[in-house]
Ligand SMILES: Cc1cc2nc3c(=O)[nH]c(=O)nc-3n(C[C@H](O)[C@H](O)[C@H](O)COP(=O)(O)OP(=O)(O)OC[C@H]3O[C@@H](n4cnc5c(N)ncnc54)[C@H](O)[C@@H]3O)c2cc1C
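The chain below stands alone and is given in structure tokens; this is the form predicted on its own.
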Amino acid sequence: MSGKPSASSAGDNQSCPLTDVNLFLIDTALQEAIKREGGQSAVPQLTAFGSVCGSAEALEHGRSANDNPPILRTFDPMGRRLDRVEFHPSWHWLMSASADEGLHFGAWAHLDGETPRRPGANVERAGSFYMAAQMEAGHCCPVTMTNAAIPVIAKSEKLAAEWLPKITRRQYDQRFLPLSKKSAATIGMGMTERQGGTDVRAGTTMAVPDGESGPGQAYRLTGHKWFMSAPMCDAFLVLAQASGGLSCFLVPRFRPDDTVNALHFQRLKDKLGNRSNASSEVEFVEAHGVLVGEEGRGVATIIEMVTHTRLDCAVASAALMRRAVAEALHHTRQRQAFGRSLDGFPIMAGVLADLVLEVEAATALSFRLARSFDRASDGRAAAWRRLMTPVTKYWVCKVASSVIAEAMECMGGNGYVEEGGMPRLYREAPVNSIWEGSGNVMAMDVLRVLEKEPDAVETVLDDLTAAAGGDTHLKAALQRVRTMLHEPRLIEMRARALLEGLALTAAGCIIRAHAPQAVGDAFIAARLSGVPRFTYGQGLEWSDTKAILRRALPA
């Protein structure tokens, strides 16, 4: 925790800020998830990074970056196109901190040709990413996309040789220069168009060969993107229509002759949250791009990137929840009312414990998913990754907003004012539920798994059945899931219920097996006993709330 309140504030019944703490050492659930899922070797590194992310300096940079959002400079004073995005120095500080930690390529460090592949690379990176998102979530967008773009770029020997050496460096180079003159690079993405939205196959951006056609060849792109994420990046993976159909292209900011590429940014989006990060609308005017993969295989080529970004959406949402609940716990321990601390009231303790259980579940699901990425060559892990990526992304991102809202309420008026940081967490939460596929898109993805990969579903259900053991509530929850799977006429209308059932059951199995009994019993009783509940603080009447709260944040 931060130091004691100053003499001038002593006795004013206000809590001291939750700053200058080690985000790794104060988070028991995170530590256990890292060790359980294969990231044990990274504990020293995570401990060091936890100190950086929990520092007063980092949190101040997070505040400043959001208070001073990026600015688009479209033209210079003479009317020549610039298409430059300017950021506050605090943004660059945050990017440098995450780049030094290697978050923009951590799962693929072995591709630098010098680092051996680590068995728990995705789990280790998820641990650092979880803490970086608590430091400031907006800057995680380019970090996520760069890391997720690597397996796509690696499909092209030519592009891999050119780009990966600059991507897989623990450096951040903010300069607007051609790749050959930069020490490091970041990658963005552009798929969404005005008329298409989620239906990327309805895109109208056209690509014509600039000479020969085929993988690794240059094309000219003309069209638009309604959302181009992180326009400050050095290149973007973009979908466009070629003669063979929808295809994937790497579109750099500079052409091969080092002139600026024709990416004309129209404006930056004025967003609810994620304000430190730039999101843009862009027009391509015969922009230079290089085909990645085969023509007509655009979605199949870029889907690996999308899968990795969905993992990060879940991890970041779990992190936002963790930060909000930690703030609420910290505040209610120090705030007094009617002669005792707020967390000393059973009704408040019940609400706080319920929020802690949600964070425990989100953390458990996110890091189990990260483990499946590390072990994807194993059939059972591959099945978990295929089915549980949309399930985990759906549920963790969905509950984040409600958890943060309740945590804010626990802090009363202090939670509602900007200076405390809770409103920023609340505004940030919805983006992960929308980005890389909304809830309905996740549900439809699961339905595709049911139709085309039923063996993957059975593999996951078999694993959950074994993990449930003799627990009555877990067995009943699994039976409810199986019942929904055998009602084909209702399955699409009940898809959301199916995803929620899978998420809660999987989380219950993990928590039952690995968390303290007080946590496992309370989670299963409150969420899987079949008793309806619509707000937090219900169903924990017989739970050991004190034990749950002690575990959540060290005194």
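Worth saying up front: this structure is predicted, and the values here are computed from it rather than measured. Residue numbers here begin at 1 and follow the sequence given.
Another form, the form predicted in complex with the named molecule, is not on view; read the next lines as being about it.
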From the list A361, M228, A407, L221, which entry has a heavy atom within 4.5 Å of the named molecule in the predicted bound form?
M228
Between the options F105, F265, W435, F87, which residue brings a heavy atom to within 4.5 Å of the named molecule in the predicted bound form?
W435
Is the named molecule in the predicted bound form near all of M145, T192 and K271, within 4.5 Å of a heavy atom of each?
yes
Determine whether any heavy atom of G197 comes within 4.5 Å of a heavy atom of the named molecule in the predicted bound form, and answer yes or no.
yes
According to a 4.5 angstroms non-hydrogen atom cut-off, is N440 in contact with the named molecule in the predicted bound form?
yes
So in the predicted bound form, does L72 come within 4.5 Å of the named molecule, heavy atom to heavy atom?
no
Residue contact check: T332 to the named molecule in the predicted bound form, 4.5 Å heavy atom
no
Could you tell me which stretch in 320-328, 469-477, 379-387, 197-205 has residues with non-hydrogen atoms within 4.5 Å of the named molecule in the predicted bound form?
197-205
